[in-house]
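Given next are two forms of a protein chain, the same chain in both, each as structure tokens and marked structure 1 or structure 2.
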Structure 1
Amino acid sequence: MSAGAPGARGPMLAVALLIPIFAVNALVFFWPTFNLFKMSFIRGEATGALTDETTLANWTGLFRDSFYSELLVSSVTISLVITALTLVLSYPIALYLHRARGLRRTVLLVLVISPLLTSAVVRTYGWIAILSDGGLVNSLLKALGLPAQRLIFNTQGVVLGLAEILMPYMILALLAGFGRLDARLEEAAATLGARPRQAFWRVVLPLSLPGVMLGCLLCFVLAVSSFITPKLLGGGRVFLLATEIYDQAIVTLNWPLAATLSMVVLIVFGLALALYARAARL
């Protein structure tokens, strides 16, 4: 309710106050997004020049060229693997945090959030320092007399690095989900004769499922569209939707194809969201 006279200030003032934000969004969001959709139906020439012709060729080409169907399948598969790994790594931290109190909780929470404030470039760079041929892991292997491993510039490196990058999102989603988990429920389970392990599988895990699903949706969506980490840790050898969009847009200058791939990313988003909505209702 307005603080002044009722009805004295009509919607005109509201409209005036909303003009700047509308202008920015119109120029840099609505128009470009709509234009991108249109671009996926425009025929481009090999030189990168655009024609005025509309065509479905960009879309049908995706299905004709097995490179793109494989790209789609591998992007989704790798993102699912990353999501699963992120979940496995995040769950213990989230549960531990949920049970911690006071200063310990604050400090650990700051530690969880602080990577979010650190540039993805920096964290990916840190992974290069750990996984590269002269990196931490291979130095350890060498010190133990074991053979060196190729850990970087392949799918493995991308999966490890991205899982770590996405962990804070997963942990925060899980923590939100744990909100419903009253410690007394576990105590109740214990009084009924459940061992801690049984209490976890029968009480804690089922109650945390909504948080798990939300975290998985979030991480999957971020993994499918992530660019910096796959580009740097993949070293140009791991092909994913996001890196391909960038290459088509900047290197090959095939904007219609880049636009079509972008639409594919959005369709994958939509499907993931629909699947989540379905699962959340059950």
Structure 2
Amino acid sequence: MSAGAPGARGPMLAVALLIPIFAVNALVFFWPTFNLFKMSFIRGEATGALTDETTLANWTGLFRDSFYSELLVSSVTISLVITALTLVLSYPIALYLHRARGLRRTVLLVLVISPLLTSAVVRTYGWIAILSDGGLVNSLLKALGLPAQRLIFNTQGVVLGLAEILMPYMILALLAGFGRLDARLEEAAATLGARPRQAFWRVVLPLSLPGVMLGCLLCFVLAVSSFITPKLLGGGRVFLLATEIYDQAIVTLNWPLAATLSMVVLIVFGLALALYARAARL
């Protein structure tokens, strides 16, 4: 019995170590989520007061009102565009950073991480100054004799701003995926006659796909749930799920509808995680 005691204590020790994280998740995630779920079935009055009446009107209203279906499609589409743009901009930087060595790698890694030390609000106001009608971008266009562009308070501004804000997350995820990439494999491909472009498409990219999928999942989830940047760069003209939740909860005081839209966002997250898990098994 004494010999088997340590083995028996192993599972019990694992359960004991997992109890704190389960307790924290239950307190700060599952319980608030459950309350939001319950609130989505409550009828709210025009004054913002909550009643004791249970109703399905909040959910059926989402399907009957074309505004909310268009809002969902627009939010998912814009988030996918932001994710794709972030991936295209971040992949070369991450690959170069992966291949860098010594002091150069350290300096580049600090430059990549440093934007995370600045508030997204400050960075968004910076983009407002850059993309405004008299900002840096339009000033350069005018200096080159090109027509000025409207790059703020529209979808283009939101896409550009969020892509830059999410790039550090994408780069870090890609670096994690590049851990499977061995330089000797590229050398072997070159030895067998593969050109650099062929080696990239057949060796580098397939081996980095886990990092690509992780980065895309992370950036998509952050883009769908982003509020500050779409609110400021969109100027109230770009309607997304997060901004609509804020308006319903704070402006119109329709908490049940805000809770319903929050559950829709969680459903989108769940579908994204399911697609990621399925793609990771392939």
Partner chain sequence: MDERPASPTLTILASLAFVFLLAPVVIVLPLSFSGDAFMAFPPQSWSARWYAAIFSHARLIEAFFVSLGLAATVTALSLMIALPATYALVRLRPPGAEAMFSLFTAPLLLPTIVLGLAILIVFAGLGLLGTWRGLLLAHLVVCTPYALRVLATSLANLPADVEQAAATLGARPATVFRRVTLPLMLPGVAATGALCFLVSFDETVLSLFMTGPRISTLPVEMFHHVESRADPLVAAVSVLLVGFTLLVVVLVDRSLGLGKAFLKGG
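Only a predicted model underlies this, so the values are computations on that prediction, with no experimental measurement involved. Just so we're on the same page, rigid core means the largest C-alpha set that superposes within 1.5 Å between forms. For residue numbers, the reference is structure 1: its sequence is counted from 1.
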May I ask which of the two structures is the form predicted together with the partner chain? 1
Given a superposition on the rigid core, I'd like a yes or no on whether F227 shifts its C-alpha by 2 Å or more between structure 1 and structure 2. no
Please check if L253 moves between structure 1 and structure 2, taking a CA shift of 2 Å or more relative to the superposed core as movement. no
After the core is overlaid between structure 1 and structure 2, has the C-alpha of L56 moved by 2 angstroms or more? no
Could you tell me the distance the CA of A16 travels between structure 1 and structure 2 after a rigid core superposition, in angstrom? 11.7
Taking the rigid core as fixed, quantify in angstrom how much the C-alpha of T33 shifts between structure 1 and structure 2. 2.5
